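Coming up is one lone chain in structure tokens, specifically the form predicted alone.
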Amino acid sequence: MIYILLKMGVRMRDLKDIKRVILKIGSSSLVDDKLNIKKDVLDKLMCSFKNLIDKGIEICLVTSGAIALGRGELGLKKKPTEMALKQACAAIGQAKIMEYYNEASKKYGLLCGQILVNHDDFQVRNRMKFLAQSLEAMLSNKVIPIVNENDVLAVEEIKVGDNDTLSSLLVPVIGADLLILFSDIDGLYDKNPKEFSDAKFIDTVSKVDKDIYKMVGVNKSNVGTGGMETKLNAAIIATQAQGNMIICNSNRISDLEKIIEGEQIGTLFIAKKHLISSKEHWMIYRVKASGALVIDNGARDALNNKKVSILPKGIISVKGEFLSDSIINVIDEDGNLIAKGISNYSSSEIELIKGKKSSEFLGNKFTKEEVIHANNLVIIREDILC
């Protein structure tokens, strides 16, 4: 069941020992309808950052707005649909947005640094390690990382346009205690408040499941590309990494200190405690599967009862082409996702040994009995993936 507290009166949340915070600000909160930067928002943001840093709290900012600002510079009234034009807008807007951030930060004696990433920086563990080290060096020297997707080159990222997810993926990378998504909405409601006058605000969510998703509406903002669905996805990723997450309106940026102190502002998604390991979190949320194995019902039932290794005998077919050590999905005959894991063999090798007993293939290049060892496998349960 979902545990929801509806907002009633003034209460303080139990947000103790917050030392490292990630903030994400959306395009519609940062750029106005005329595609100009909202300088008053930047000023409030940097003023809050100054106060928090002085208190020993480290801040990482994930920003949207580059493509929108690029549109303004090029005089485009509508969102471009051509990929090359989107990339051009991103290139122009990225330079402009850092210019604005640097100007605003200097007023408060702060220093910002830019980091552009894409999902490959989370998928390849060495690259993720280098990203973590860079961010750690910046934060320890009181530099505010300004993070954005590399929309100029990362074609798939422009299609997704999802900095909500990007910010949540950073939670385990830097060990953030709290993720705050600033947007043009107050938080989560049980129904669309723009359509229903009796919509009730949801103060606290301890579990995101299918019932929560049913309440989600569609964001039709002219500027932003996200929506409540991406924020719920981000909540799952962040809370499974033992980070709390809050969705609140960007008009509360000046109340950032109060939010971190626990004042009841926005919707709080409560962190899970030691539900999955960091390795499992990496495999589930940060790595795109390179292919898939289809297993028979016997292998599926064995996995549902206990995490066991995937053996060739239980494999019916192979989907996609991949190399050994790739992350792949494990699906049943009905197409349901059962698990993800690290394959000991390539797709072509598995094609040769699928359905066979170990005595029929072990030897020569086939030195491992398991296609996926149980230690490199994570079972996908409803409570960790919606």
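Start at 1 with the first residue shown and count on from there. Bear in mind that the values here come from a model prediction, so they are computed numbers and not experimental data.
The form predicted in complex with glutamic acid (GLU) exists for this protein as well; it is not shown, and the discussion that follows is about that form.
With the partner left out here, glutamic acid (GLU) still marks one of 337-345, 317-325, 60-68, 40-48 in the model of the complex; by a 4.5 Å heavy atom cut-off that stretch is 60-68. A residue is said to contact a partner when one of its heavy atoms sits within 4.5 Å of a partner heavy atom; residue 29 fails this definition for glutamic acid (GLU) in the model of the complex, lying far away.
In the model of the complex, at least one heavy atom of residue 162 sits within 4.5 Å of glutamic acid (GLU). Although the partner is absent here, residue 239 sits far enough away that none of its heavy atoms falls within 4.5 Å of glutamic acid (GLU) in the model of the complex.
None of the heavy atoms of residue 183 is located within 4.5 Å of glutamic acid (GLU) in the model of the complex.
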